[in-house]
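Taken one at a time, structure 1 and structure 2 that follow are two forms of one protein chain, written as structure tokens.
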Structure 1
């Protein structure tokens, strides 16, 4: 679960990581109060989860009160569904850095990455100038040690007089990473003020969904999602993605869903939505159908090949879902795995044709969507 900038900065502040004075507002009636707290000029930032806010006009600087109000309304109009804006003091920046912490999957350590090229697209730097990325790994049983932080900061080119506060900042950031079960913590830009102080200019924190039970203070809200269907799916715990094609995919098993997604594209079809109702969700066919139907699709393609996720239970669920929701689009099924004989009977009795071959099912779905499968 990604946190919004205002949430990440609240975490940073509670961990003694310096952040600018700021206030979260919902509309222009709060601007006067906001200015009293953060002063002028100030920065207005839309609280959305996608990157590229600057380019999209979702971060604006304003120098006087009327301008702040104007820009608040401008930013608000550009950020759909998101009620919150951050109004923040403008900091005099001398230099900007990048710093992040993530898991290093090969060794099982934590990877700290930094660059003196802050404030920009770090992926691009990593691709074109990998020598500009400084890395250090941390053993999870020992945690980040002060000498590692110092080494890292010197390698990053931090001035001698700032190594002490930089070390504290990194140790505190590691605490945020570890104590909150973060998959990612990132400060970009990590600003150095003209007075020679570090300030976190932005904050990205992603909390591991699997560990959210240990952090009940964070919960998914509608603002985390682009639309109602994706929100409803997440609340049900059903992996769901939306695209703009014709065929709705309802598959059990993430790997198989991926493979079917490729086959649809390879044979010249297009995917409208991707819903994975395997694992613990295999008895949720009715709910899954409800989600799929909220999207416009031309055909529904159901493909499974599971062991624990039983074919007969999913076939029965599908039949129940059709009875309940009466979808108007045609449905193609290839439901295999444990209990497939019973599944075959259930589908046949209901008038659906049980296919056993995945590629055949994909081709049939494309035909029913009005396309011609590429051979």
Structure 2
């Protein structure tokens, strides 16, 4: 679960990591009170969960009261779904760094990464200037030790006079990472002010979904999703993605889904949405149909192959879902796996054609959607 910036900064603050004075607001009627709390100039920041906010105009600086109101309305107008804005004090920045902590995928240790090229697209830095990325790993049984933090900061190019302050910040950030079962904690930029202090300019925290039960203060809310369908799917524990095409996909397994998605595009079609029908969701066909019907599609393509989930249960669930929800769009099925023969009988008895070839199913779906499959 990704936290919004205002949530991440609240965690940082509770761990004694310096953050700017700030307040969350919903509209320009709250600007006067926000200015009283943070002063001028201030920074208006959209609270959304995707990156690239600066390039998208979702972060603005304002120096006067009326300008703050204008910027608040301007930022809100740039996003369809933005429940909150963060208004925070502008900081006199002398230098910007990047620092993050995440799991090292091979050893399971904690990897700390940093760069003196903070405040910009760090993925681009890693691609074009990998030598600018400093890394160190932390044994999870020992935790981050002060000497490791100091060595990392020296490698990062931090001045001697700020090593002590930086060491405390890294140790506190490690506490945030460890105590909150985080997959990622990131500060970008980690600002050094002209007064010689570290301040977390931005904050990202992603908590492991499997550990959310240990952190009941955080829960998925409507604000985490762009529309009601994605939110409803998340509450059901069903992975769901929204696209802009006209073919709905119900597939079992990420690998098969990727293959079907590519086939649809290769043969000239376009995907409207994807819903995971495998894993623990294979018996949720009725709910899945309810979700997928909330998106406008021209045809539904259901594809499974070789899963441990029972194909006959999927087929019966699909039949039950059609009976209950009466979808008006055609449905193409290629449901294969354990109990495949029984699945074929169930689909045929209901009047659906059980296909056994994925590419044939994709071409048929494109044709039913009104396209002409590329041969």
Partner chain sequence: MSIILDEQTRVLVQGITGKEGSFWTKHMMDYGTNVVAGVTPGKEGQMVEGVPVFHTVKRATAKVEVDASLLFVPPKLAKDAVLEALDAGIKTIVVLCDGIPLHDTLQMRNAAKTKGAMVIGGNTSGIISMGKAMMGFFPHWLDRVYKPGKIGIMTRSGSLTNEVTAELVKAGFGASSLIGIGGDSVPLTRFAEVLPLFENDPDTEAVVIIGELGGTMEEEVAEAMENGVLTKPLVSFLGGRTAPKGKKMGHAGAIITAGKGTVEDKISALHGAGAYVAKKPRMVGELLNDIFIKQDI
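Predicted model only: the values in this text are computed from it and were never measured. Positions refer to the first chain, counted from 1. Here the rigid core means the biggest group of C-alpha atoms that line up within 1.5 Å when the two forms are laid on top of each other.
- Between the two chain copies, the one drawn from the form predicted on its own is structure 2.
- Superposition of the core reveals a Cα shift of 2 Å or more for residue 334 between structure 1 and structure 2.
- Once both forms are fitted on their core, a CA shift of 2 Å or more is seen for residue 278 between structure 1 and structure 2.
- Superposition of the core reveals a Cα shift of 2 Å or more for residue 353 between structure 1 and structure 2.
- Core superposition places the Cα of residue 260 3.4 Å apart between structure 1 and structure 2.
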